[in-house]
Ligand code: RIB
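Below sits a lone chain in structure tokens, taken as the form predicted on its own.
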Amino acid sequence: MKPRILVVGSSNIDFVCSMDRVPVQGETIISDKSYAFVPGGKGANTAVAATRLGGDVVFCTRVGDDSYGKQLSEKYRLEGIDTRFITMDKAARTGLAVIMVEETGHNRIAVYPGANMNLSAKDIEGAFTSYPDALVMQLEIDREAVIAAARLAKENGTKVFLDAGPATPDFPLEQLGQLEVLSPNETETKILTGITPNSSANCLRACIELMNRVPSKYIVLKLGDRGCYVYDGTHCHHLAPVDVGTPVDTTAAGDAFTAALAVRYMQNGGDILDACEFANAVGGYVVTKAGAFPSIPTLRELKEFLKKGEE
């Protein structure tokens, strides 16, 4: 049986610009590479990934009552996502993310939230009538909406998975209550704790700091090409990544990782190490392709990818 995953998060249209390198201050670069407008947003990336990887996904978000909002809502519906709790906002435009992707595959992102910041506790309360098994969130929406969703999850006995991006130093983690999994990447870990997770000792220090701020069953640090680091308050484990060589585009890799972790964890009865190994494989697949949605695998595509890697 598929776990029902409620994703509360952002929905954007992404303006993806490929270039050899990003310009420095005052510099203009003329690029012969491509650009495109594609669906994105951390919430949407997570919802699509969780659906393709075996979850029964309900998406709670806000988009503008504009052409982009209508296009995105239809795209989610075609993916098989439950779109009943997507609100068309007449007061704000659909969120926009400008993503500059360098030749190395690394990116720089500027987000204009638009309607995402109007997502309300009332919107989220309605979404909980879907009776989810798990709630997956990010921090790309208004913080009061994140706190409200965590409170509603507690009231409904729903496990909470928080992807801590994009992090800010003043986000009140202490107000979230019990989390099942908190999963920041390297940059977010540094922002939230002041500790750069560049060694096993620093990963442990950062995990302890995070767990002191918000009670979590597990802290999972996403370490990019170094895999991930798992801490349960007593034991720690470093799980190696899937070797994929030079990344093509890291956009959505972290979102897909968290989605994969949540789906697998809910399917396997809470085996965090198995869930993280699965999430590592998904993250590895994502960075081999360009774009957010186009890079997220189905279970069949992931199986073929891993089989080729073994050969």
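No experiment lies behind these values; they were computed from the predicted model shown. In case it trips you up, residue 1 is the first one in the sequence shown, and so on.
There is another form of the same protein, the form predicted together with the named molecule; it is not shown, and what comes next is about it.
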Would you kindly say which of Val160, Leu210, Leu223, Ile99 lies with a heavy atom within 4.5 Å of the named molecule in the model of the complex? Ile99
Contact assignment for the named molecule in the model of the complex, among Gly283, Gly41, Gly55, Gly69, heavy atom within 4.5 Å: Gly41
Looking in the model of the complex, any heavy atom of Val111 within 4.5 Å of the named molecule? yes
Might Cys276 be said to contact the named molecule in the model of the complex, defining contact as any heavy atom within 4.5 Å? no
Whether Glu140 contacts the named molecule in the model of the complex should be assessed with a 4.5 Å heavy atom distance threshold; does it? yes
Please check if Thr61 has a heavy atom lying within 4.5 Å of any heavy atom of the named molecule in the model of the complex. no
Residues in which of 85 to 93, 151 to 159, 213 to 221, 103 to 111 have heavy atoms within 4.5 Å of the named molecule in the model of the complex? 103 to 111
Under the 4.5 Å heavy atom criterion, name the residues of 249 to 283 that approach the named molecule in the model of the complex, in sequence order. Thr251, Ala252, Asp255
